[in-house]
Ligand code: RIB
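Listed next as structure tokens is one chain, alone, in the form predicted alone.
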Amino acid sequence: MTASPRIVVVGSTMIDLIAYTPRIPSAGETLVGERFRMGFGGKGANQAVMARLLGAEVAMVNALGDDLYGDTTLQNFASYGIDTTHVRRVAGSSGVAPIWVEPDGTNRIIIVPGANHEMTAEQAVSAVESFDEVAVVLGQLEIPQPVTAAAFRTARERGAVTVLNPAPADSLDADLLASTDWLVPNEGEFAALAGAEPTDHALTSFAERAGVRLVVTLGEEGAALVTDTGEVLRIPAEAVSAVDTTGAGDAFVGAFAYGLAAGLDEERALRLGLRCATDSVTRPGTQASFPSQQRCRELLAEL
């Protein structure tokens, strides 16, 4: 296994504004929350942090606003040792994500992308080309799809694996799908893309039709992998008491991408993703809930 593979994350950053409430208010209702937490998020940033905690050399490609949120986001990346050479500053607001969390850990999220939508294809291509070696390029749907597609095409030309987390759920540009090696949606995102629930037949049919390798995360039920022989491998998640599920999917994707980059076989990469995601839901917050570097070493050793 390669200890420190290079992963380039072409994706979003957000400031998470998290309210913990006894329930979600009805239309027109004001509800008193139990507590509030502000943290660092955005699917791209979350996945970058998870991969970095596991030991990858991670470069972030993003655009931040010229506000205080942009300043603190850069400081947060620096605290993890994430390369921000290819993070641009632009006029306007950085991305924000108001989040509501109920007592059982269920969350509801609104994202306001802000500066994330100022990213360019040229910026992404330049970033991927700037490194001598790149193992994985990782993307999501919180930035313009043509930006990610350009980065993925360049990644493939350089022999890197491309991993797309198609979230939030949306239809996929043909160019982006054509340059994707691994597609990693959750069950709701899969249903939006495939028009079907994630049965074995639906999984294998979609993977063949889309021309991608496919992993679908299934919440408490774990994850399903369409193997290279066209079979479906379902691996359950460990049962835990969930405190907050915010960011669990990103923990999975970041860890799965690390596993592929580090040379793990796909089943072990999936199991690593599940273990990191399951560990994260036992604590509140997004990046703050991710397993520590020490815990990551333990999770890797248990594979």
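Because the structure is predicted, anything quoted here is derived from the model rather than measured. The numbering used is simple: start at 1 and walk along the sequence shown.
Same protein, other form: the form predicted together with this ligand, not shown, and the subject of what follows.
Between the options I99, L177, V134, A194, the residue in contact with this ligand in the predicted bound form by a heavy atom within 4.5 angstroms is I99.
A heavy atom within 4.5 Å of this ligand in the predicted bound form is found for exactly one of A169, I109, A210, V90: I109. The stretch in contact with this ligand in the predicted bound form, judged by heavy atoms within 4.5 Å, is 42 to 50, chosen from 42 to 50, 57 to 65, 234 to 242, 29 to 37. When contacts are judged by a 4.5 Å heavy atom cut-off, G259 does not count as touching this ligand in the predicted bound form. The closest non-hydrogen atom of S280 lies beyond 4.5 Å of this ligand in the predicted bound form. Proximity of G247 to this ligand in the predicted bound form: non-hydrogen atoms within 4.5 Å are present. With contact defined as any non-hydrogen atom lying within 4.5 angstroms of this ligand in the predicted bound form, T286 is the only contacting residue in 253 to 291.
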